[in-house]
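Just one chain is shown here, as C-alpha cells, and it is the form predicted on its own.
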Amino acid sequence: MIYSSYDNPGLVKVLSFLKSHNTEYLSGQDLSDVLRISRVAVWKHIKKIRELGYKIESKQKLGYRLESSTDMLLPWEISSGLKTKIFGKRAYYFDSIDSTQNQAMKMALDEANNGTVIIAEKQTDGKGRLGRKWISPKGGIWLSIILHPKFDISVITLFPIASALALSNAIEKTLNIKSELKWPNDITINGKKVAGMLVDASLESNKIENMVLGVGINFDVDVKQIEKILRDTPNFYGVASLSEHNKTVKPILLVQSFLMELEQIYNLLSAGDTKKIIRGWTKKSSTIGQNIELTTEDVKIKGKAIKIDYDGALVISENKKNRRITSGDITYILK
C-alpha cells in the first residue's frame, strides 16, 4: 500500500470536510452537494477512510461524524497544518518497504523532491550507520528526507549531529521527555538508544549534489524483542521506546515537530551559524566530559571527550594530546 501527497484528492476532500465539521453529522447528500461528487463516491471514500484507521460514526437520517483520527503517518496528515516552507510539503507513505533510504536516494536526483519525506510503517531491510541493519517493526517511525542543500561541503559531517539535536528538541516539546545526545548521532533515554540518524550524500566537484537523511525512532516498539535480536551486535547498549514514557501523544505530532525543528536548524547551517548548533548539542550531550573508548575501522582510542569541533568532529584528549575524530563508535568508560 502506497500513498502520496498527490493521490486520492477526493478522499482527502471528504476527510478534510469531516475534520472541519467534527462536532456535527454530515449526510451523504451534504457531502455530495458541497464536494460535487456522487453519493456512491462519498460512500466509497468513507469506507476507505475507515480502513485507514479513522473512526467515523454513522447514524441513520443524520449522516457521518468523525470521532477520531488515524495513527497512520499518511502524507496528508504530515502536511496538514505543518509550519514549514519546504520540509514535508511532499510525502510518500509505504505500509512496508525494504528501506525508506533506498527509495529516497532514487528520488533524490530530481530537485523537485527537495524536502520530500519518505515514511514507512515498517522496513524489511532498514539501514543503520556503517552498513548495519536497523530493526524497523510496526510501531516505530521510519523516514527519510530528501535534501538539496546550499550549505558548504565542509559542514556536511555536522548535519547528522544537527539533525539529532532537532529530534531531541522535538521529543522534549511534544512528549515532554528529556533525551540525551550520544556522539555522533544517537538519541538516548536513560542511556538506552531511542533513535538514530544516518546521512547518504552525493558529492561532485566539492559540491553537495543531494543528501538523504535517514531517521529511525523507536516510538512504540517491543523493546525486549529488538534487544533479543541486537544483544550480540557490536556497540549494543540497550534499546528504549518513547511509549515507555508517554503513551498519550500521537506519532504524527512528533513527526511534524521534528520537521519544523529540522528546517530551523537546516537554515542555521545554510546561514553558516554552526556555533548555535554546537552549543545546543553540547548542552544535551551525554558524551562531552566522559572518559570513552572510541573504535574506528583502523584504531581504538581511549581518552576524555573534550568537545565537538566546528564540523562535528569529536575532540578527544589522549595522553595530554588532543585528537580529532570524524567517525566511529564510542563506549563510555565507567570508573
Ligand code: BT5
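These numbers were taken from a predicted model, which means no experiment stands behind them. Numbers follow the displayed sequence, beginning with 1.
Keep in mind that the form predicted together with the ligand is missing from the display, and what follows is about it.
The listed set 116, 123, 256, 168 contains one residue whose heavy atoms approach the ligand in the predicted complex to within 4.5 Å, identified as 123. The contact with the ligand in the predicted complex, taken as any heavy atom within 4.5 Å, belongs to 230 out of 107, 230, 72, 211. In the predicted complex, at least one heavy atom of residue 128 sits within 4.5 Å of a heavy atom of the ligand. Taking the partner from the other structure, the ligand in the predicted complex has no heavy atom within 4.5 Å of any heavy atom of residue 261. When the ligand is considered in the predicted complex, residue 143 lines it closely, a heavy atom lying within 4.5 Å.
The closest heavy atom approach of residue 196 to the ligand in the predicted complex falls within 4.5 Å. Considering the ligand in the predicted complex, the lone stretch of 235-243, 153-161, 170-178, 203-211 in range is 235-243 [heavy atom distance within 4.5 Å]. Residues 214, 215, 216, 218 are the ones in 200-221 with at least one heavy atom within 4.5 Å of the ligand in the predicted complex, listed in sequence order.
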